[in-house]
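In the block that follows, a single chain appears as structure tokens, in the form predicted alone.
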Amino acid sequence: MPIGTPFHERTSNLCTSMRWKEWSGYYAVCSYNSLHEPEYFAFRHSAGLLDVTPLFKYSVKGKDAEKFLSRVMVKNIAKLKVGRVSYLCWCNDEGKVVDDGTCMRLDEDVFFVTSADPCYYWFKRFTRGYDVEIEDATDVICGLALQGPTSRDILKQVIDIDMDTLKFFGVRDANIENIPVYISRTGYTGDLGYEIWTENKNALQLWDTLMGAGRNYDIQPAGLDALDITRVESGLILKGADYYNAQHVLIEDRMSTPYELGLGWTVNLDRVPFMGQAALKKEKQEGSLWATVGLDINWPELEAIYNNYGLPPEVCSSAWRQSIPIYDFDNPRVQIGYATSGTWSPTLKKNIALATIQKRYDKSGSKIKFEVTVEHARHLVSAIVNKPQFFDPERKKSNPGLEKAKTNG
């Protein structure tokens, strides 16, 4: 049976829909009201506050913490400076992805790692020979994600650091109304946003402080339904939907490499040995079999199919996570991949999806066929292959502090 997070006393009173799901053993809100749209628009036009406590969290400390993490991660952690965060993944010996997450460098020998799956024992098995200590902080550290265009202005009301100088993927220790926190400019919405981490005992005070500070900025508590739409719009993959943990699957075909998931940019190949290095070098030289792409699904064609049945076009208002076949445009009997998740984007006014496709079909602008089912019958509509990142606002990475300095200089 799930348990409540340290914020549950607040979130449970606000969740009038009574729509919950289990997330890593915790109760997590799907949507606070019967409709999730207001929460989605808060992420995109004001600010949404999301409980991210169920993420698995690890404190990695010690003289060899940097060397150890560089050994188990695909990215060279030696290049990660204090006060910076890196999104990355880690692989098995065959170069197949075990999980993805973030690594924050809080001090020279102190790191904070988040992951979607429990990875404590995976990390622990490789510590021999390293002067490093790993602590599972999942049940002692809680977290909130404050995401949206007004998130920075909200935090300015209550935090003791200059928010204008906190760069994209930066992290700092700070105080929010005397609550010690780590705040990182990260998130899963693809928008301007921050994640705030503190000890469980501070949870309720932190929630109340942020909600109070955001009252004049149209802050909204937000759930996972709204988050799922934003992450598809932003081309952010999800474990269990767009890929699987290589340690948990029964067949090799369900495993993926960083290059196949569009995470090749996180891989630093030419350095000291790390997990999966030989396999990934070989793949880099020979090429990948699969690619992760975005699909812009043809709306007029979908509308025409429904019209033939005398029905208006229909799409789910929530994001979906299921395997849907996609086919060669010129030879629709040949399956070339499958869509893994998608949504109707309220911001972009498009029907979009993320898909795994044979590498030779991943050219941006090319056309494929996408399977849809209407009135129990299967049909095909065309879709255009794009980069997965459909939504990428300038505000996500903009830095007012630097802009002011340039202006004053």
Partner chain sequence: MAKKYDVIVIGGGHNGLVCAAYLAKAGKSVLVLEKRHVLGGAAVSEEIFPGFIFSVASYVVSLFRPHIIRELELARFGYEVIPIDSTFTPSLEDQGLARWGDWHKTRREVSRYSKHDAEVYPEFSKAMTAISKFTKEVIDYPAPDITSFHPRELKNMKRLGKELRGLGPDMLHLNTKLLTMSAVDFLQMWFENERLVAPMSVSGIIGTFQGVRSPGTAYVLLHHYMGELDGAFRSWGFSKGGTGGISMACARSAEHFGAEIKTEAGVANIITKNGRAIGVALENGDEYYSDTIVSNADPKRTLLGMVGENKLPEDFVRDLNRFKFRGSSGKVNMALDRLSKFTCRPDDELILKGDITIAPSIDYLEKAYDDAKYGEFSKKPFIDIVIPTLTDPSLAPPGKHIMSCFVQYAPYNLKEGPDKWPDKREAFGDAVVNTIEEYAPGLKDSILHRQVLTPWDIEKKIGLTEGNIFQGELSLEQLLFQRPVAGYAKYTTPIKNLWMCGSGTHPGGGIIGSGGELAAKTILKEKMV
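Keep in mind that what you see is a predicted model, and the values were worked out from it rather than measured. Residue numbers count along the first chain shown, from 1.
Just so it is clear, the following notes concern the form predicted in complex with the partner chain, a form of the same protein that is not shown.
Q: Examine residue 241 and determine whether its closest non-hydrogen atom to the partner chain in the predicted complex is within 4.5 angstroms.
A: Because no heavy atom of residue 241 falls inside 4.5 Å of the partner chain in the predicted complex, the answer is no.
Q | Contact flag, residue 307 vs the partner chain in the predicted complex, heavy atom cut 4.5 Å | A | Looking in the predicted complex, residue contacts with the partner chain do not include residue 307, since no heavy atom lies within 4.5 Å.
Q.
I'd like to check something about residue 213: if you look in the predicted complex, is any of its heavy atoms closer than or equal to 4.5 Å to a heavy atom of the partner chain?
A. The answer is no: residue 213 has no heavy atom within 4.5 Å of the partner chain.
Q: Would you please decide whether residue 333 lies within 4.5 angstroms of the partner chain in the predicted complex, comparing each non-hydrogen atom pair?
A: Residue-level check for residue 333: no, no contact with the partner chain.
Q) What stretch, of 319-327, 151-159, 241-249, 260-268, brings heavy atoms to within 4.5 Å of the partner chain in the predicted complex? A) In the other structure, the partner sits against 241-249.
(Q) What I'd like checked is whether 3, 22 and 58 together line the partner chain in the predicted complex, meaning each has a non-hydrogen atom within 4.5 Å of it. (A) Checking in the predicted complex: 3, 22 and 58 are all within 4.5 Å of the partner chain.
(Q) Within 4.5 Å, heavy atoms only, which of 32, 26, 344, 41 is in contact with the partner chain in the predicted complex? (A) In short, 26.
Q: Identify, from the list 188, 207, 182, 122, the residue with a heavy atom within 4.5 Å of the partner chain in the predicted complex.
A: After the contact test, the surviving option is 122.
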